[in-house]
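Shown below, as structure tokens, is a lone chain in the form predicted alone; questions about how it binds or moves come after it.
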Amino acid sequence: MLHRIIPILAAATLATTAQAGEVAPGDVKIVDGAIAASLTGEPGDAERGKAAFVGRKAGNCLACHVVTELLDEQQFHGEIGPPLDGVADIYSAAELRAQIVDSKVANPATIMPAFYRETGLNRVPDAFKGTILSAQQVEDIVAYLGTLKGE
């Protein structure tokens, strides 16, 4: 009986591993200021990305950045970070992904948090340890930022 169960367990383990195409935070490699491949193996969704971008319990990106197209529908845009209008004309998806994952790689003096990192963080209470965004949310925000092109 056990000889019948083992192949089934092995197949289930392989299926789970194959479906889990997400790159763990500790395995993300930023090379030359970019992360070339999707963290999930799939492209992000711009609509979900917009929701995570503005969501106060998700990215909360508007706390620091202005996006002109959102001024009518979202209040309280920040001025600490640069405006993100036309950001897709300046940076590639790979560069945007790296900035979201760990902005300190490009600018060690930035106050922007690392949104997809679990280690090497300063003064983070235990209750808040872990990534701020999921890998899918990172990809979704990258997709949304890709829609922010100049006129």
Partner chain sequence: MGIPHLKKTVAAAALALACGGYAAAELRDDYVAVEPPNEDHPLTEIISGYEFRTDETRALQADDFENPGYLLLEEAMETWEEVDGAAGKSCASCHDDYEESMAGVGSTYPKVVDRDGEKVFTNIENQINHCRTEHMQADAWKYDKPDMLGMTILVRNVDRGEPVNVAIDGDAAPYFEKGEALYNQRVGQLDMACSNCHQDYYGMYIRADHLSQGQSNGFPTYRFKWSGVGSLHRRFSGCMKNIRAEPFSKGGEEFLALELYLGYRGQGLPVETPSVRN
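Positions refer to the first chain, counted from 1. Predicted, not measured: the structure shown is a model, and the values here were computed from it.
The same protein also has a form predicted in complex with its partner chain, omitted here; what follows describes it.
Quick one: is Ala51 in contact with its partner chain in the predicted bound form, heavy atoms, 4.5 Å cut-off?
-> No, Ala51 stays farther than 4.5 Å from its partner chain in the predicted bound form.
_Since only the chain is shown here, I'm wondering whether Gly21 would be in contact with its partner chain in the predicted bound form (any heavy atom pair within 4.5 Å)._
No, no contact at 4.5 Å.
Contact of Gln99 with its partner chain in the predicted bound form (heavy atom, 4.5 Å): Judged by the heavy-atom cut-off of 4.5 Å, Gln99 is in contact with its partner chain in the predicted bound form.
Asp27: heavy atom within 4.5 Å of its partner chain in the predicted bound form?
-> Because no heavy atom of Asp27 falls inside 4.5 Å of its partner chain in the predicted bound form, the answer is no.
Contact test, all of Leu62, Pro125 and Ile132, partner its partner chain in the predicted bound form, heavy atom 4.5 Å: So, yes: the whole triplet contacts its partner chain.
### Query
So which bits of 86-100 sit within 4.5 Å of its partner chain in the predicted bound form, heavy atoms only?
Those in contact are Tyr91, Glu95, Gln99.
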